[in-house]
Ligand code: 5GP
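So this first bit is one chain, no partners, the form predicted on its own, shown in structure tokens.
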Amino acid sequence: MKELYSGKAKTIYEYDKDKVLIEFRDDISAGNGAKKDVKEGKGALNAKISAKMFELLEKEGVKTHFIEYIEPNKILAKKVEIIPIEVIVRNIAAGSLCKRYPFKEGEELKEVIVQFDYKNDEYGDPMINEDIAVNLNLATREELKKMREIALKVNDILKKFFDEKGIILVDFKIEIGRDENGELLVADEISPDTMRLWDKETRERLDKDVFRRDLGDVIAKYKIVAERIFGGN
């Protein structure tokens, strides 16, 4: 298959004119690639977890690019044009929010924050507003409104799901793409690489912050998430 794109942790191949095959690799990085490593089994865990998240969203009425999970580390998906905007949803203050603003880490936010970041390594993925996005021809105002609505619905679904598994959904980022008809679909991945997940009882981190902050065995934490999600299956 023809390779279409190779990113920090995934490689995308052309499956046919309407579909792509996404390979989740064992690479892990932080700080826009400043910190890198390879963790055996990570790709398979993220592929399986992402597939479950997409299946859950589809069941709850959120349209995604997901078609099929292919063991151990691949997803078959609809081909979409990714909008170069990371849509970040925050329930609890953590990460860059606490570095840029006077929030305390772990502080529950009065209202959910939906944040748009321009997905561009050259410019350091800066936060943007609607006017900047429109002037850069990234998306229309109507699309940006829809992206916010999708992100909030995804948050409601995932927050409830993880709460039932004893996990706090601190924040997450999603990417959204346009299909051939211009319809917006949740795409890319939804995994511990793209979410902050804390144990509800202990607030132990179960996500990529373990790697970012050198807090121990990141794969062991991802396995905890998988075990909670799949119930040992």
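For every residue, the number given is its place in the sequence shown, counted from 1. These figures come from a predicted structure and were not determined experimentally.
One more form of this protein should be noted, the form predicted together with guanosine-5'-monophosphate, which is absent from this view; the next part is about it.
Is it the case in the predicted complex that I88, G95 and D171 each bring at least one heavy atom within 4.5 Å of guanosine-5'-monophosphate?
Heavy-atom distance to guanosine-5'-monophosphate in the predicted complex: all three under 4.5 Å.
Heavy atom within 4.5 Å of guanosine-5'-monophosphate in the predicted complex: which of I167, A47, M195, M53 fits that? Just give me the one.
Going through each option in turn, the one that passes is M195.
Quick check on E143: any heavy atom within 4.5 Å of guanosine-5'-monophosphate in the predicted complex?
Contact check for E143: no, nothing within 4.5 Å of guanosine-5'-monophosphate in the predicted complex.
R212: touches guanosine-5'-monophosphate in the predicted complex, heavy atom cutoff 4.5 angstroms:
Output for R212 is yes: heavy atoms within 4.5 Å of guanosine-5'-monophosphate.
Would you please decide whether K208 lies within 4.5 angstroms of guanosine-5'-monophosphate in the predicted complex, comparing each non-hydrogen atom pair?
Yes - in the predicted complex, heavy atoms of K208 and guanosine-5'-monophosphate come within 4.5 Å of each other.
Any idea which of 33-41, 198-206, 172-180, 58-66 reaches within 4.5 Å of guanosine-5'-monophosphate in the predicted complex, heavy atoms considered?
Only one stretch passes the 4.5 Å heavy-atom test: 172-180.
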